[in-house]
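Quick heads-up: it's one chain on its own, the form predicted alone, in structure tokens.
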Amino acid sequence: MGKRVVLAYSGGLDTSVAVKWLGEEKGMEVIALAADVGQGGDFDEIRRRALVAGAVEAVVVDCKEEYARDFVVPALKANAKYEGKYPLVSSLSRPIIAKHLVAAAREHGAEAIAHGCTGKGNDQVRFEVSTRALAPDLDIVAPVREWGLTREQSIEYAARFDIPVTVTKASPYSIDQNLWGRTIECGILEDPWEQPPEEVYELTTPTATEATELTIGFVQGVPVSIDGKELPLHELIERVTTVVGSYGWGRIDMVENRRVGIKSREIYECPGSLALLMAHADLEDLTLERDLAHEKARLEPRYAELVYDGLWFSPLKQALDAFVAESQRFVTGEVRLRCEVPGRCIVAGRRSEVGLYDYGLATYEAADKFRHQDAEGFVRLWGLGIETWANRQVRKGETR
């Protein structure tokens, strides 16, 4: 019996070819593990495809609820968007997949885990660093880094061994999808000057013809309901994605700085995640105290960077999680999202029983209860240092 390896299996081109290659070239017994993180698809067919490609076992793990609860929620609470744009779609799914790869390796007596990532991608970092954090004794195999095949050669390899894949030379896109969104790469998209063809989009095809509103209910930073109806989180995300995506809203076209030091053009469809991140951040504006809000905003880019860089299981990430969790104690209320044709989604209103907006303090009408007479002393003391500087240094400098 050869060395056993658990492969993160998506059913796509690279991982399907990897199943056969690991057996043929490395003499390994491959256990293919497919994690359902909300990407949809026929998992019976994915399992069959792995076995046809040569896997000795094919395992499907339903991770949707766990993914939403333990990975999406912390990122949502942190308003995490890499470089201010990307809501970490693939980045978030890799650590949970690594967790289940390790569990499968223990269960099946495997000595290594494998992935189908290239040598210049981000996902190799996420899979490998997460695996080493969870199980430093396991070996890691990266066939795509070894075999040196171009994408076209991989397609030809699959054809030669009758490996069932959906990618063709005519449709060369590489797709990754989960509850939090969808990523599209390769083909014409590698030219940052070219506009993405409509054929690459699925979640943001504009079909809606009338405006609509969604009221998202939050409890301690977690979305729990739509229009007053409570839903399991993964179902709530799917519902928001469907509604908002039908307005053609939620597309991202960006040139991104990868961890390995290169820039890449990335296309993302994230209607649900962008809408929920927008709603959550807006509710924080209503419920977070000023200094806490400002400090959290300062830390959010660092949080997103850690996740993007594959450091989900790291001391700094854990420490930031503790800060973020504390910040969410009073992020409870409702946010009203309005979707309009064409391609528009905005926050139309927000409310909270623990919100810090006080009408009596904010209004200029008769209900005004702000003590205006206190302002003169406050402003004078606030500016005292500047006034002293102006008198002692600025004016003295002018007389020289």
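From 1 onward, residues are counted along the sequence shown. It should be emphasised that the depicted structure is a prediction, and the values quoted were computed from it without experimental measurement.
Although it is not shown, the form predicted together with arginine (ARG) is what the next lines describe.
Only one segment in the set 280 to 288, 89 to 97, 224 to 232, 294 to 302 has any non-hydrogen atom within 4.5 angstroms of arginine (ARG) in the model of the complex, and it is 89 to 97. Residue 268 is the only one of 218, 71, 249, 268 with a heavy atom lying within 4.5 Å of arginine (ARG) in the model of the complex. Checking 134, 188, 142, 175 for any heavy atom within 4.5 Å of arginine (ARG) in the model of the complex turns up a single hit: 175. Proximity of residue 256 to arginine (ARG) in the model of the complex: non-hydrogen atoms within 4.5 Å are present.
With a 4.5 Å cutoff on heavy atoms, residue 204 does not count as touching arginine (ARG) in the model of the complex; it lies far away.
Though the partner is left out of this view, residue 308 does reach within 4.5 Å of arginine (ARG) in the model of the complex, counting heavy atoms only. Shown alone here, residue 328 lies farther than 4.5 Å from arginine (ARG) in the model of the complex, counting heavy atoms only.
Residues of 108 to 143 that come within 4.5 Å of arginine (ARG) in the model of the complex, judged by any heavy atom, are 122, 123, 126 in sequence order.
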